[in-house]
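Before any questions on binding or motion, here is one chain by itself as structure tokens, the form predicted on its own.
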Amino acid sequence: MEKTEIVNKLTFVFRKIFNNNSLIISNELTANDVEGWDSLTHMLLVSEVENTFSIKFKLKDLNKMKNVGDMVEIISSKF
């Protein structure tokens, strides 16, 4: 799967989870940049990403995710 396709799907997921249709994601985006991105929404986000891409993150994957760019790289590595 190409990274552009991953980013497009992630954009849909982020907008759904954060209920914000104007949310634009970037590689540098972190929880500090999005209003309402707390531990609960983070878990919802991870679950929705796993469902969307039909993947499962390992704990080491989650620990590596410091921003959206890291998430894209990890998702890309699973295909």
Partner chain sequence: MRLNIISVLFPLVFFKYFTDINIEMIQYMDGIGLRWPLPEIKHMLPIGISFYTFMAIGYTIDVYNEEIKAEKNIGILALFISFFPLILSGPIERAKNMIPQFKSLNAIDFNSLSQGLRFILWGYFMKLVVADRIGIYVDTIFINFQQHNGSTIMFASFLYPFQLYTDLGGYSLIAIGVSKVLGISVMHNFNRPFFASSMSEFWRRWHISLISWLTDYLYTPLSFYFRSYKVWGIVIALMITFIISGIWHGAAMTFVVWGLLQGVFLSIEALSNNSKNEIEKKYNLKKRIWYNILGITITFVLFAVSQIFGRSNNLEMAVNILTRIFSTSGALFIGPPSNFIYIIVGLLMVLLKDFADEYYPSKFQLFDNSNKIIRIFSFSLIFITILIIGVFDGGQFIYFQF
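Positions refer to the first chain, counted from 1. All figures in this text were calculated on a predicted structure; none of them were measured in a lab.
Below, we refer to the form predicted in complex with its partner chain, which is not included among the displayed structures.
- No residue in the set K3, L23 and T30 has a non-hydrogen atom no more than 4.5 Å from its partner chain in the predicted complex.
- In the predicted complex, no heavy atom of K9 sits within 4.5 Å of its partner chain.
- At a distance threshold of 4.5 angstroms between non-hydrogen atoms, V34 is out of contact with its partner chain in the predicted complex.
- Among heavy atoms of F57, some come within 4.5 Å of its partner chain in the predicted complex.
- Residues from 40-79 that approach its partner chain in the predicted complex with a non-hydrogen atom closer than or equal to 4.5 Å are L40, T41, M43, L44, V46, S47, E48, E50, N51, K56, F57, K58, L59, K60, L62, N63, K64, K66, in the order they occur in the chain.
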